Structures are given as C-alpha cells and as structure tokens.
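Only one chain comes next, encoded as structure tokens, the form predicted on its own.
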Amino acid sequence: MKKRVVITNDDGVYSIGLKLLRDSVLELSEAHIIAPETPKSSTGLGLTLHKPLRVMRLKLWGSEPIIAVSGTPSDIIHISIHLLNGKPDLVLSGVNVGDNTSLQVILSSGTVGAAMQAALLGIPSIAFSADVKSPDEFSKREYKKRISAVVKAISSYVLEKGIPKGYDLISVNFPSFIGRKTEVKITKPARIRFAQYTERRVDPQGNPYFWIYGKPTYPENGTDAYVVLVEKNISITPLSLNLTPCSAPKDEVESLRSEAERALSEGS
C-alpha cells in the first residue's frame, strides 16, 4: 500500500513548482495536492483564526482533484489531516519560486512554514525551494529533470527511514542552474540573507506610508545561502524546532546527502 503524501506550497495551486513536486513522487506515494488558492508568501507559521476557511476542488493536471484552500500553508496542514482522516506519512512543500536560505527567510517563509507546522505535529516534512525568478524556469527540461531526481531521492529516503535523528524537518534549496558538476552539500542556515530597510514615502494625496524592503548581503562561507547563491550547488539543511544547538549523528545526514547526489548523477 502506497504511503500518503500531502503536497503543498505558498505560491498557490497554479504554480508549476507544485506540479513538479507531484510528478516527482507519483511512483512513491498516494499524492494529495492541497495548496493555497492564491499566493501566501512570507506567512510563516501563520494560522487563520479570525475567519472561515473555504475548500474547493479543482481539476488542473489530470483526473485527480487538487484541493484549493483559502488559508495559509500552515492552515493547510491542519485541513489535510481532517480531509485525510488522519496524518499523512510525509508533507512536501514547494518547489518555491525563490530560495529560502538563512534563518531570516526560513522563519518567515510560507513554504518552510508549512513543513514546520507539519513537523510540530509529528509529521516528517521537507521544504523545497529554488533560486529562480519565475515559475516558467521549472519548465526547462534539464533543470526540471535534475530537480525531480533529487526530490524523488530525498522523499524516498525520508519515507523509508524518516528524518535524520536530532532534527525535525529538512529544507532543500536548488541553485539557478543544475549541471553535471553540481554538488549536494549539507549546510547550516546563514543568519541573515537581506539587510532590511524601512522607507517613509508620501502618496499622491499627501498621506505618509512606509515600505519595508531588503538588499542581499554576502553570505558566510559554508552556509545554505553561500552554497546555493555563490557556489551554485544544492543545499540540504536539516532543521530542529528546539531552537537550540543539537549534536545529531552526522553519518545519517551524510547518507541522505549521498543518496541525493547519486540520484543527481544518474539523472544527468
């Protein structure tokens, strides 16, 4: 009997990255696509507690229905447990348009937020993100093929062996290009990805307003941001929800990296 996997994101039900995840694990699992009806970027672990959540069934990519929810990615984890009459065996979130590297971004990301919400409930979960500017980039044949190979390998590993001991979830980030020489590395999160600024402006009616924005910083060597954005390699970042340092068996994490690298090599 195939295990049940919930596939979600924060880019909405029409994202090509969502379909990429689904296509990557169809052979491994009974895939249930439950995603926000509209983009919900930067919602983190936010839950909708002040209004009803609406659920709609859509037909987009085949015979199986896709479920669109009016709430956040974190809402979807709770909704999925209700719709499936129990917890899924795995939650996959992504593939996000834009990298989710650094603690600064991880803690605000809706994509990683869904995986964190699942992990809080004891469900193994993986967030996938890519350093791309547009979902159209997921349509590039070789890029899609290599991402799919890694997604399948890591998902299969976690379905069989679980999240490596000492951690609660995994965040995977892909560079903007994946070639034959691309490596897979285990990383720690950078602390900061953007220098934050707040600008005061005035609208045409003379009323003041504020605009918060960020400018990229140069990442520290060895971090997820450095590996993805500078080295152009694939980053696997195991995360703990304890928010304290932990000493986990490195051989398990290294085994996971090797499995992803093997899949990447075979897919090239």
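In this text, the rigid core denotes the largest set of C-alpha atoms whose superposition between the two forms falls within 1.5 Å. Start at 1 and count along the sequence shown; that's the residue number. Remember, predicted model here, so these are calculated numbers, not experimental data.
Omitted from view is the form predicted in complex with another copy of the chain, to which the following refers.
Looking at T43, you'd find a heavy atom of it within 4.5 angstroms of another copy of the chain in the predicted complex. Although the partner is absent from this view, L53 contacts another copy of the chain in the predicted complex, with a non-hydrogen atom inside 4.5 angstroms. Although the partner is absent here, P189 is a contact residue: one of its heavy atoms lies within 4.5 angstroms of another copy of the chain in the predicted complex. Among residues of the shown chain, V13 is not one whose heavy atoms approach another copy of the chain to within 4.5 Å in the predicted complex. Counting a residue when any of its non-hydrogen atoms is within 4.5 Å of another copy of the chain in the predicted complex, the hits in 177-206 run I178, R180, T182, E183, V184, K185, I186, K188, P189, R191, I192, Q196, T198, R200, D203. Fitting the two forms on the rigid core leaves the C-alpha of R22 displaced by under 2 angstroms between this form and the one not shown. In a rigid-core overlay of the protein, R201 has its C-alpha displaced by at least 2 Å between this form and the one not shown. Relative to the superposed rigid core, the position of the CA of L256 differs between this form and the one not shown by 2 Å or more.
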